[in-house]
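The chain below stands alone and is given in structure tokens; this is the form predicted alone.
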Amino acid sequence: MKIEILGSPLPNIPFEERPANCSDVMWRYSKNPIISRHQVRGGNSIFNSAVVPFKDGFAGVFRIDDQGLAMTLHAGFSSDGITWDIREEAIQFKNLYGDCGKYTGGYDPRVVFIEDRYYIVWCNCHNGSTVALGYTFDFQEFFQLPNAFPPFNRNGVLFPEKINGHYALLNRPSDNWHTPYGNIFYAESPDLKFWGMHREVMKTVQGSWQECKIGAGPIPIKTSEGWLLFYHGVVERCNGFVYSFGAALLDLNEPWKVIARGRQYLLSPQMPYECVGDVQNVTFPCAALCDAQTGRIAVYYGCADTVTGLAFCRADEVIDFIRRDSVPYCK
């Protein structure tokens, strides 16, 4: 049976064919990084950012750490998904719910279009890191909803449609710093204000690239075989953490159930711009564009917490890859 992406065609997706001498399931854009650390005046780094189709091109919400190392979110626009015009002014969210959703700085955003608007999910620094939500209709004006959870929680990722009539969100309960803890959980909400029905989705895997902690990456991609989820995993080496990313397949109707999960990573820090930067050895996916007609996927990922890279794959090859060599059930 043919594996298909269930969605709309996106013929203008940024894409570069696999190099002739490459047999990897995922390959890097030959002109990486696509966004440098100093692309915005006063910036120290631009990474871990979100991109979506918008009008005839693309829009995004970008994490920029300034030269004081304050973490802020900025809107950006592109006609081809590669060359970006990112605003120097940080996004100013209009607070709709008082101190239930106060914006005090943000990082690692994801963006998804649901029904009639673009929802932004990010890590908010409000009494400790937690999952914040907001929305925009036009990437000009932004509104903030209540924080989804109390601290500490990270890597909030909304599904692109309601599951069984409810909004669905992947998240990673955490702690107050980067200690080795974190499994992926699922939560649902009738209104994006009240969250419950928490379920564990995936645990870490000992003795692997994902043994310390894991976290959902780009918005899950709906396919004929299930939800294709790219996610990052962390292993601790003698000189610190190493962030790689792989993929899993989740049940379409019950996404807390894992159908298959790759034992091997798809991409790990190997290039200089992934190994050297503010934080060494990081490849961190936050966004993916996909073309339902061809099955092509472009993944945006942060490199060494400093710059932004782009990698490519095809949905059928990724799903075959994780099915052929899947992690044994470990929930």
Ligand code: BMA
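Numbers for residues come from their place in the sequence shown, where the first is 1. What you are looking at is a predicted structure, and each value in this text was computed from that prediction instead of being measured.
Omitted here: the form predicted together with this ligand. The next part is about that form.
Distance criterion of 4.5 Å from any heavy atom to this ligand in the predicted bound form singles out Val282 from the list Ile35, Ala50, Val282, Leu267.
Checked against this ligand in the predicted bound form, the candidates Tyr107, Tyr118, Trp209, Phe159 yield a single residue with a heavy atom inside 4.5 Å, and that residue is Tyr107. Contact check for Arg261: every heavy atom lies farther than 4.5 Å from this ligand in the predicted bound form. Within 4.5 Å of some heavy atom of this ligand in the predicted bound form lies at least one heavy atom of Arg63. Contact annotation: Tyr243 falls within 4.5 Å of this ligand in the predicted bound form, judged by heavy atom distances.
Using a 4.5 Å cutoff between non-hydrogen atoms, Asp291 does not count as a contact of this ligand in the predicted bound form.
For this ligand in the predicted bound form, the listed stretch (37 to 45, 53 to 61, 22 to 30, 282 to 290) containing residues with heavy atoms inside 4.5 Å is 282 to 290. Along 301 to 317, a single residue, Asp305, places a heavy atom within 4.5 Å of this ligand in the predicted bound form.
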